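Alright, here's a single protein chain in two forms, structure 1 and structure 2, each given by itself as structure tokens.
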Structure 1
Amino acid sequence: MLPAQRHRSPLSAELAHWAERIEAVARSYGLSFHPVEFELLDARAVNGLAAYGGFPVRYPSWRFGMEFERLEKGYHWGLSKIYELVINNDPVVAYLVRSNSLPEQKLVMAHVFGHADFFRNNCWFASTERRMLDAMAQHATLVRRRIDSHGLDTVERFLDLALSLENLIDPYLPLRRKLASGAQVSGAPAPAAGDGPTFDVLGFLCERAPLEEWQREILALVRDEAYYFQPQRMTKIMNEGWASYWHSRILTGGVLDGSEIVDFADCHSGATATAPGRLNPYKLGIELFRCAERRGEDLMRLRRVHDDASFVDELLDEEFVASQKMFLYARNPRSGKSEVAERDAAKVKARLLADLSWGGLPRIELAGVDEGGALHLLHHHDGRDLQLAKARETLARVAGVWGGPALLDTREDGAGRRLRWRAGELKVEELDTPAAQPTN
């Protein structure tokens, strides 16, 4: 698509000069990264790219169109503006918005080098596909070809089905595999053989579901992309915190002109502002790294070995909760509004860890296939119920891909529940001996 190229261009001489300078400063601090390529973009093109998760080419899907619509509206009403867009790839690709001021561009560039270092060095990213730009383009070509031969409606229907299951992967599998084999692998891990149990439900379905070849290809593609994005989900706070920590250090270490300091401070505080009832990952992340720095910890080690959950677990203590004014909120059943419920550090921490574990998603395990051929899913209940209406629909879609009955064991208000999808009908059964025990 050549016309789109017009909206992307290499840096001006001035920006290129600063990119080089900032890169040198970043390296002098000990950051290391794959080469970083910056591109300049128009504001409109940024939203288009952001809707695709930063990739210029994705498979066709209305979901991206919907996301684009949302971003455009947000931009139009001045609610949101995208500053940075960076892709974990080799080379790292990062976009700068043409209309930003020079201090803003410097900040974004420094921030990007922080991300680039994180992508390269954090252990959770170790086995991600580094040629993802190419992989995404191949996925797009594949889906387009299948649309050509099977029709848009058919392919779209199956793709939507598969996308409903994109979270059913094992976030720890890639690292476990890597540690076990010691080999340098990249891309999604190969699905395990056998009947389970496994958390890699998508992998199981790729191997075992009675699918047509093109369906299997599409399911595998959705799985690949899910494994690619998973580490970003698991390290949002760390990744943004790390990048913010470094943009702040790099810029105040001589890269900024004295006249630019106020602009920088304005932009920086905008990115790290907090609103009640929200946790800003930029803010929480940078404060955690600064806290670690004050305690004399090795920051480079921290960024190498942790994900958000273990990072918070290691650093968050009473003092941090108090100084950061963190609280637990809950919905008041009488007013229906959210209110501050608790400032006890242990409880805040426990809740935060629960929210961060498993990438913030429910842990759904594939227990196996029962005698009736039903796919048996098990929700590892940690005190938080599933949204049952959605769980039913999703289960129906699992069954749709599996091509047979499916069941899900979970709990509702403390009581065991089994959702059973068979022959186009969903039944909810009581479960006397809840297989889904609270686990952690």
Structure 2
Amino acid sequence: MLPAQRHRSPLSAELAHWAERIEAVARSYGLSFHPVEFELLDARAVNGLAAYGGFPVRYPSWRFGMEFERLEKGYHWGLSKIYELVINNDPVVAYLVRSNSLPEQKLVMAHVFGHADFFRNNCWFASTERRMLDAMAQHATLVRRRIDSHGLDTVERFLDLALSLENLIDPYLPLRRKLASGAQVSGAPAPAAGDGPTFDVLGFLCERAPLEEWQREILALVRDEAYYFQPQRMTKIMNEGWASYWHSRILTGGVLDGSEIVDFADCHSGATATAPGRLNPYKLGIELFRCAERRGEDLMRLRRVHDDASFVDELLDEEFVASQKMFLYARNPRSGKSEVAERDAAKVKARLLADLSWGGLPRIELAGVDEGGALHLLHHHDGRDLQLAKARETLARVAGVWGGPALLDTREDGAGRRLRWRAGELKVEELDTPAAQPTN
């Protein structure tokens, strides 16, 4: 049982009053969202929910337990604190930490309504499952039934294998399919012509790998959940920036009284503080929206049509980089300290866009199956080399699901490399021609 399942309670009359008032103010500004349901939990319970991706009913995995321990240690040592947790669902479900002060609760509720608006209106969320609480409960039931049938160790081993491959998806596939079906998605980019390369490696394995039926079911549910969470990874800067922009505007527009301004400023500045060399999505996002506002941009349109990469590409310029002191840092080998290595705005922007492209994931194409039955993967190199140790582990796990050899073409220091996994052994070969460059 999760900690969150034991310590829930509805809002007090005072908090319920403020939730209604803040919602009314949010709607008066033009925000639109599915109904929002708030619940109070203690900090340990919120950490428990966060470790499970925000869902109170989910299948068991040691990965979730490890994440819970990390969050708990961070909280007790004062290194991190979760003020709220909000789930993209209909209705939207948001959990408030019971120990928050009233000004903090007001800020969090206003922040939640910003997230709720973003979930409903951003085009990349158009195809997400809006009844994900129910879907997660169904997934948990399925896993427990397979545990009853095949044993805990057997199912857990395969589930862990499946979860280790959850990043091998195509971030743009759900929206592309929705548009191809003729559905109207406001602000969405036009679908690409033709079939193009296949990047949904996990989907291919679900269909073609020689799996038992229960294994195919588990791989499919892991894939479904990966596609549910992917838009949140693609819009972290925008989503947090949008919520921060609106909590600031709503609260300073009359919701806070004079005695709460200092507490609000302290909480807000803590959330948007940025250390040198580190990207804070709250800070970068809110400053980009404020920049857009100063330029007379339509903020509602921006939050509807962009993901992080296209948002940064449209708004970030030399003036913004200078004003926000956005530099590239590197470790000085003599002093051991992190120091500014690059101030050029174009290079700063290029690095940020590289980090954000393809939803922050390596771009791995399924090139096909060769004559020997090996699954052939191709890394589209974007200037950043793969970490070969992690690539080796991933390739071994792909081969484990595929039930045969697997190979991956990539580049390292400009030279072509082929990683080949066969019969439990990895071989690294040089390629005569480099692996693929990024394609548009």
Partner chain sequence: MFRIDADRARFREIVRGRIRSDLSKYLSTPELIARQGEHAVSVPVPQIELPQFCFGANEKGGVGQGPGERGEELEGEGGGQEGTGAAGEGEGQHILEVDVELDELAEMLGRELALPRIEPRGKRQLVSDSARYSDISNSGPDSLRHFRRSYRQALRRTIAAGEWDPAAPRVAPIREDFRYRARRIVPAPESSAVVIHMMDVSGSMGREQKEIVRIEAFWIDTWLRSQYENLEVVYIVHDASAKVVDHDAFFHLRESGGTKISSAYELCLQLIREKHRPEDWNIYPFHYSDGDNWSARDTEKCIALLREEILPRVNQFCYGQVKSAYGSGQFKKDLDASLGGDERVVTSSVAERGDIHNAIRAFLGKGR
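Please note that residue numbering is based on structure 1, beginning with 1 at the start of its sequence. Note that the coordinates shown come from a computational prediction; the quantities given were computed from them, not determined experimentally. Rigid core (definition): largest C-alpha set, two forms, superposition within 1.5 Å.
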query: Which of the two shown corresponds to the form predicted in complex with its partner chain?
result: 1
query: Once everything's superposed on the core, is residue 330 shifted 2 Å or more at the Cα between structure 1 and structure 2?
result: yes
